[in-house]
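The chain below stands alone, shown as structure tokens; this is the form predicted alone.
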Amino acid sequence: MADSTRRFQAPKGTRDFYPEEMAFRRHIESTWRAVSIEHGFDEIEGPAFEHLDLYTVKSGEGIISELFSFTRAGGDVPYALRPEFTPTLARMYASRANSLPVPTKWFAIPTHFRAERPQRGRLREHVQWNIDMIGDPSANADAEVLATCIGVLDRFGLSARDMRVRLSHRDVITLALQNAGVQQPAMQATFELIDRREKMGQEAFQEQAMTIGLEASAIDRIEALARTTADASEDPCTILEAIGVGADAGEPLRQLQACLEAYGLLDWCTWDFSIVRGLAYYTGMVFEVHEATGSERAVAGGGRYDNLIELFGGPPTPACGFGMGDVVLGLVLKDRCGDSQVDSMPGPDAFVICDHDDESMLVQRILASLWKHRLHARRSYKSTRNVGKLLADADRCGARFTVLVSSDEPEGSVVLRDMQSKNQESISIDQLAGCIRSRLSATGD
């Protein structure tokens, strides 16, 4: 027999979204969607689970421990809940590559799942905004992707003082490591180590570096790269030459710099050669977006991945993109912008109240009429008939107008109260919906 006193909780690393939390989430998602469309991206979506080998072909068998993987009852084909969207995007693009426009600009806002230890800013389930521009190898494509990312930050009320876009380039890091004697077999492990460097203590970093066979010269070069930061307005070639990397290596960054300047984005950006993005599929420009004080994980990250589409059966195709999760972004918005950033649930256009007990059927007919005219209408369910208390309820829920069914009004009329101006008037029920609609249009509500 089931224990009737048992209490259930959401799985660890997941969230329940009550109306207020859901309103905040929808605010984030609607902002992502609006900025994506404004920047010329089209929305796509894929399945919440894929064949397991879609992820292992890109990341190897080691990724399985990080996934929620399963085989359906009676089946033998392994699946996994998606931990990221890029493999799905690459699969989708590869299947229709010959018929898609060049460039293809896609965005998605899927839910992702990771079987890892939950911690601040990183959960087992989260929503992520993905922006990808496929088919354009130019620095302008990189800049357009960055412009879309920064456009969202700006739309949320964040500024270049609040957030920093830290830019780097995989080719620059590769050349620097090669010059320090790092051999190709150890290159990817070194990238992954550099990617984790900020989260490790110095002793642990040194120990890991020696484990993968890095010599002292390579460790010194990594430390020099990690300390190399500058405003994005500074010449990257000059910066690289100063740390022993050939100035020619900075030419791709100089091209990116010119595009960022044209878009008016340089104030947001910093050259930071500690950024490498450890995933193996990145091939060129890489970046991360961090809160300026560094108190949170990266808000967003991405870069160029020119070889990935081919890996999934498509033609050789240049591409760049990024992901921005809702968890860290939500923490930053609440910290930086306070309650003003946490959108409440949308207030009703009209809130219907009644000062006596004899007109419940009339309240229902009024609601039906307002709904038919596509107005957001609610009613009071309280037993009180105190008009002052009912008006306070309407105000608390953000109602634009209150409709009072009053015993003092002539038959067929109600009192319409403007909750902003506090003006009120008697109005025919037949004219009510049209009047509210007209006034909302006049004020832009």
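Start at 1 and count along the sequence shown; that's the residue number. These numbers come from a predicted model, not from an experiment.
Absent from the display: the form predicted in complex with the RNA. The rest refers to it.
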query	finding
Contact flag, G434 vs the RNA in the predicted bound form, heavy atom cut 4.5 Å	no
Heavy atom of P83 within 4.5 Å of the RNA in the predicted bound form	yes
R114: touches the RNA in the predicted bound form, heavy atom cutoff 4.5 angstroms	yes
P410: touches the RNA in the predicted bound form, heavy atom cutoff 4.5 angstroms	no
Triplet L67, R277 and L391 all within 4.5 Å of the RNA in the predicted bound form via a heavy atom	yes
Option touching the RNA, based on a heavy atom within 4.5 Å in the predicted bound form, out of R26, R33, H51, R385	R385
Residue (of V405, I44, I63, L416) lying close to the RNA in the predicted bound form, criterion heavy atoms within 4.5 Å	I63
Partner contacts in the predicted bound form for 295 to 327 (non-hydrogen atom within 4.5 angstroms of the RNA)	R297
